[in-house]
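Read the single chain below, which is given as structure tokens and is the form predicted alone.
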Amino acid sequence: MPLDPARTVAELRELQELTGDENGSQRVAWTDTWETARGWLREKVASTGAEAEIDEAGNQWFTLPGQSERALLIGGHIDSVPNGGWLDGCLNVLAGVEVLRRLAEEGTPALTVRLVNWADEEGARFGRSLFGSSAAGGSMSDQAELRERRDADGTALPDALAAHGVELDRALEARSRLAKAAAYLELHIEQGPVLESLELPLGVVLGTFGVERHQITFRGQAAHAGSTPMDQRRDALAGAAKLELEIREIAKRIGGGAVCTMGGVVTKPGIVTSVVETAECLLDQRHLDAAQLAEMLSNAEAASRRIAAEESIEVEWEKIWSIEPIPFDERLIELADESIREVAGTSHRLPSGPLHDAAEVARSGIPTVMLFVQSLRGLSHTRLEDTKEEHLELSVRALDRLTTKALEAFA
């Protein structure tokens, strides 16, 4: 069966029709709609003869035996956010199905090829992203906290998992599925505007950003809005406002794709007749280089202290979460670059701001690379998400070329 990228586009539309509505895709993990999608995927793969199984973390695997037990993995996720787009995640998996069809038709590959549909990449129902890949990659260390998680209806995460045949206490046993992995490939929509701005259909991902996430609290003094002169105010919100403008300049100075975001500010007492006494800010900083990420953090801390002194207020920092930058494999990056140039003429290298399952696989020590395909208007996690069909077809061809090159390089 020759490669047919148009079939991938048709199947993406079919999945959209099966598991979406007028508001977008509804394949939230650990729901009946998600399970319907997984059953549909199993039927699509059946013709290849690949063995289907579900591991201890709920990840769905399809294995095409090769001349070696060492395995080339192709992965993605079929779950979506509520009211999500028609491409986020599922493109990875369905492009992999098409590559698997081609390989099965041509005979026994040099390496075993395994297509994986990771469980709950989005974390939409319980707020825990990358569930299946972190379990398989061995980085899941928050099981005690996971036992206490509830969804909006009060359902406990372990109970939702059990309804789909997964025991939380056994999820880490999925680690065995990566024991013989030689390399991992993932295709994804960019979810950002860079490739479109460059008028390029495809790009190679250098790695995923490291993230530093903190809560910053500015403390001033509540005072009457009418009777307190402007030059005698200790306004906590002034500190937050100045820092919001400063982090933009910090990101510009650091460069290299640096991004800083103040994602929320809560003020107290929060009434129009009072100067703000406390302003609690959420700061997210991301960069692909660990040293520059640390410099961004240091600069923001120094700026907050300077601003606090200027406004006669106090400032406190509390770390919420962080993850180190995760670079992808240089050898695979070169092969991905070659593959894209062969099908599209020009390639481009860029980092990924969002995290992906590929990051968890790379953290586990397996050579990993991602391909990005252009996103129209840079939109994702919305029913407005879209990519030109001709670019989708190019992305399937690029993944197929990369698969062939990886099988040769890692055999």
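For every residue, the number given is its place in the sequence shown, counted from 1. Every value quoted in this text rests on a predicted model; they were computed, and no experiment measured them. Whichever C-alpha set is largest while still superposing within 1.5 Å between the two forms counts as the rigid core.
Here the subject shifts to the form predicted in complex with another copy of the chain, a form of this protein not shown in this document.
Stretch 205 to 213 is the contacting one of 330 to 338, 145 to 153, 205 to 213, 87 to 95, since its residues have non-hydrogen atoms within 4.5 Å of another copy of the chain in the predicted complex.
Another copy of the chain in the predicted complex comes within 4.5 Å of no heavy atom belonging to residue 306. Contact check for residue 311: a heavy atom falls within 4.5 Å of another copy of the chain in the predicted complex. Shown alone here, residue 286 lies within 4.5 Å of another copy of the chain in the predicted complex, counting heavy atoms only.
Shown alone here, residue 353 lies within 4.5 Å of another copy of the chain in the predicted complex, counting heavy atoms only.
Scanning 127, 263, 107, 165 against another copy of the chain in the predicted complex with a 4.5 Å heavy atom cut-off leaves one residue, 263. In summary, among the residues 171, 258, 103, 161, the only one with a non-hydrogen atom within 4.5 Å of another copy of the chain in the predicted complex is 258.
Annotation: in the predicted complex, residues 376, 382 and 399 none come within 4.5 Å of another copy of the chain through any heavy atom. Contact residues in stretch 251 to 277 (any heavy atom within 4.5 Å of another copy of the chain, taken in the predicted complex) are 251, 258, 259, 260, 261, 262, 263, 264, 265, 267, 270, 271, 272, 273, 274, 275, 276. Residue 270: CA moves 2 Å or more between this form and the one not shown after rigid-core fitting.
Annotation for residue 237: C-alpha shift of 2 angstroms or more between this form and the one not shown, rigid core superposed. In the core-superposed comparison between this form and the one not shown, residue 279 has its Cα shifted by at least 2 Å.
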